[in-house]
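Shown next as structure tokens: one chain only, the form predicted alone.
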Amino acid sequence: MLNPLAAAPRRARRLDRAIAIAGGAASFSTLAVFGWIVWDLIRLGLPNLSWHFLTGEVETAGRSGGIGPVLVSTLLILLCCLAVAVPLGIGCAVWLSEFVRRGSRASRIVTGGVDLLASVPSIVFGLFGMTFFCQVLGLGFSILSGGLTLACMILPILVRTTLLALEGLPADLRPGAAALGLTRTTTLRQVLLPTALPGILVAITLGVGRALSETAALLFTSGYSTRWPDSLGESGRALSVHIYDLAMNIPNGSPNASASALVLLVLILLINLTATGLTERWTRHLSGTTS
């Protein structure tokens, strides 16, 4: 007769193996989908990539020429976005973490508003940006309008991820700093923010990825112009909008759309690798300082 106590560990091991196999299959499936997308972009876009494509002007509505002005406009939109969103997002997270009691009414209202903002569709942000930034503020269809609209979009990512980084710090940091006689502001500047910097970099990286891949909001705010931008007040086409236009509206625009998408993918990958490298270097620096 089979001993139930002896059979239980065998059932547990079989269950562990089944879960491990299912998890491995899900992981490889995800990797396969990503690899398929990358291979498809390389196969279709790599033959059209060249230095002239990266630096040349857009010609024949994008069917020929390059994406130089589009790349410049994209980077300017991203810089405007980060210049506004990073201080606001980190400031909001610091206020929630260090200056407001958890669970208080103010904390619930702000975090609820941030979560609600995260659930707003991008097309709604585009309509808001067109109404408020383009019309009410008189900025028109411009790089600045697009950057400010994207700043509103990535704020929830910055706030929530930075807040998690601050709340996940070791519990003895704040009492230890207080025991040394450090003020709250000094503790924040010299202890908490440097220690939470890896998490803040993750928040910024996620925000950059969201901003670079956004299309719908920029259709209503930054415009379609493919000229070299002279100022932030001029219209500028983002790379994601350029890809959409080539793929959907321009006959025979698919080859350059694939090449542009490959450039966008590489740009996001380089930003992620840079952020990962900075995070690892800062983590080693903190470990060497505390050891």
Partner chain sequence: MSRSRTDRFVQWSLGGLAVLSGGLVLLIVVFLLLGAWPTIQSGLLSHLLTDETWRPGSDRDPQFGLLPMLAASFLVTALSIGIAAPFGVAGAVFDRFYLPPGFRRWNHRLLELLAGVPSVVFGFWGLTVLVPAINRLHPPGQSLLAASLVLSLMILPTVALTSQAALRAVPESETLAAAGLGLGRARTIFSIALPAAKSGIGGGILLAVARAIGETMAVVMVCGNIAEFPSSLFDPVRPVTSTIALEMGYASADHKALLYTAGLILVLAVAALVGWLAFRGSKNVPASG
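Predicted model only: the values in this text are computed from it and were never measured. Between two forms, the rigid core is defined as the largest C-alpha subset superposing within 1.5 Å. Residue numbers count along the first chain shown, from 1.
This protein has a second form, the form predicted in complex with the partner chain, left out of what is shown; the following refers to that one.
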Contact test in the predicted bound form: Y244 vs the partner chain, heavy atoms, 4.5 Å:
yes
May I ask you to state whether A261 is within 4.5 Å of the partner chain in the predicted bound form, using heavy atom distances?
yes
Taking heavy atoms only, is T205 within 4.5 angstroms of the partner chain in the predicted bound form?
no
Contact flag, G140 vs the partner chain in the predicted bound form, heavy atom cut 4.5 Å
no
Considering the partner chain in the predicted bound form, which of A61, L46, L54, I37 comes within 4.5 Å of it through any heavy atom?
I37
Select from the listed residues V94, L71, C134, L78 the one whose heavy atoms reach within 4.5 Å of the partner chain in the predicted bound form.
V94
Let me know which residues along 196-228 have a heavy atom within 4.5 Å of the partner chain in the predicted bound form, or say none if there are none.
S213, T215, A216, L219, F220
Core-aligned C-alpha movement of S231 between this form and the one not shown reaching 2 Å:
no
Just to spell it out: taking the C-alpha atom of A203 and the C-alpha atom of T30, is that distance smaller or larger in the predicted bound form than in the structure shown here, given it changes by 3 Å or more?
farther
Sense of the change in Cα distance from D115 to T279 in the predicted bound form - at least 3 Å versus the shown form
closer
